[in-house]
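The chain below stands alone and is given as structure tokens, in the form predicted on its own.
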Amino acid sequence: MADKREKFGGRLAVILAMAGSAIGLGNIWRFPYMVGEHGGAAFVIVYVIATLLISLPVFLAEVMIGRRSHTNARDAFARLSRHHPFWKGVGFLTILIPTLIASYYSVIGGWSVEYLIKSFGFAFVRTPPEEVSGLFGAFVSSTWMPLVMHLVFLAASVGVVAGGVKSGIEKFSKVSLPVLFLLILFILVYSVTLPGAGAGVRYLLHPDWSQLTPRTFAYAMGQSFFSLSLGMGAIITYGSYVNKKENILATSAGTALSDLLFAILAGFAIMPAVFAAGVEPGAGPGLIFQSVPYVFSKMGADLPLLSGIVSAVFFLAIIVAAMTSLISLVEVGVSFLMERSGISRGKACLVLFGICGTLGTLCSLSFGPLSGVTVAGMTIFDLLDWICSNVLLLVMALLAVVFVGWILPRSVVRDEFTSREMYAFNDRIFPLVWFLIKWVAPVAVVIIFFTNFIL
């Protein structure tokens, strides 16, 4: 099985695929409103530090687990722990988590498809600014169209996975990531040239340290984890496709830096426009689907054609970003089914489409016909999001760094990190990386976990 396992074509392919997994809704949808809610530039600075000192070591740990085991995420822990019962059980989380996330993530992707269609029809330009935010509530609370968009988006993503690692995921990433960066740069140029956009630029460049609280640090670390796809099994799975001779420090650092760059570009693409339109920067999760369309509506009064074009480009960027991430989540389950059940990639994709499609349907209906079905006051959608983001991701990330830092022999970790001593620089900095993985990252994850519940 090991010698037949697919691999990425080279370093660029690895970085693009992993960056595709990392760069998603977390950057365009979540990062801007987190910045808006937690003090602008101060949050950005903490976010960058958290990514480099905490999230990157966790990322490296997950890549090492995947490449060393050379198998699917569920069996990786079992194989490296010599089938220890506890770690065999841990492996099931790596299948459960991405499947749950993919289910409601594809619902949000479906919203993006609907908003792209609205953009093509100049719906935001034709709707008065004070009414445009109501379009979102009317859409998500309906029954059939959100379901159709959810399934269309999910089918498109699963279709890429069905093509395989090289012919599907790698080829899609090589095209989509450069396109995504071009799209966000186009939006950024438009955004910063709007009248009044300077206030948004200053907001992102001048930190207000008085806004920093313990929760700000926890949220910055949590956002970094979410953005880099940590604790989802995706990086372990992608790591298993990395060649043994590849420098995983270079690929991991390249992925983290690409993710940071895109998040910051997204901030500069969205916040100046938000300030130009007089929208509250801390508008929360509705920033993308309610506040940003308000911007397009308001600007459309003077430049309707340009506003409509930028709106379409914006939501196209969201779709591409969401697809690259969803593809990595689906691949986790597909890889597991292929290796454990012996079924073809096509059949495994159909199984994942059925599971995620069904769970996603329940999530979508929770905004409409099933809105009255709640657990602890949360709808089905909110419950899955809360459990995954605040509990399961952090638990899985903690288990990954504990496994690499405390269970695997130091010699094995060093051998993997240096690619069997092929890279001298990796060997020189290994003591620092080992310290971060063994001590700093686990403590940081525990702090995030308890901060979410206590503060």
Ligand code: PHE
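Just count from 1 along the sequence shown to find any residue number. Please read these numbers as outputs of a predicted model, since none were measured by experiment.
One more form of this protein exists, namely the form predicted together with this ligand; it is left out here, but the text below deals with it.
I need to confirm a contact call. Of Thr71, Ser227, Ser291, Thr251, which residue comes within 4.5 Å of this ligand in the predicted bound form, counting heavy atoms only?
The residue from Thr71, Ser227, Ser291, Thr251 that makes the contact is Ser227.
Does Phe77 reach this ligand in the predicted bound form, with heavy atoms at most 4.5 Å apart?
Heavy-atom contact with this ligand at 4.5 Å: absent for Phe77.
Does this ligand come within 4.5 Å of any heavy atom of Ser55 in the predicted bound form?
Although this ligand is absent here, Ser55 would stay clear of it in the predicted bound form, with no heavy atoms inside 4.5 Å.
Decide whether Val445 counts as a contact residue for this ligand in the predicted bound form under a heavy atom distance cut-off of 4.5 Å.
Judged by the heavy-atom cut-off of 4.5 Å, Val445 is well away from this ligand in the predicted bound form.
Using heavy atoms and a 4.5 Å limit, would one call Ser328 a contact residue for this ligand in the predicted bound form?
Yes - in the predicted bound form, heavy atoms of Ser328 and this ligand come within 4.5 Å of each other.
At 4.5 Å between heavy atoms, only one of the stretches 38-46, 23-31, 394-402, 409-417 reaches this ligand in the predicted bound form; which one is it?
Careful reading of the contacts points to 23-31.
Does anything in 94-108 come within 4.5 Å of this ligand in the predicted bound form by heavy atoms, and if so which residues, in order?
Sequence-ordered list has one entry, Tyr105.
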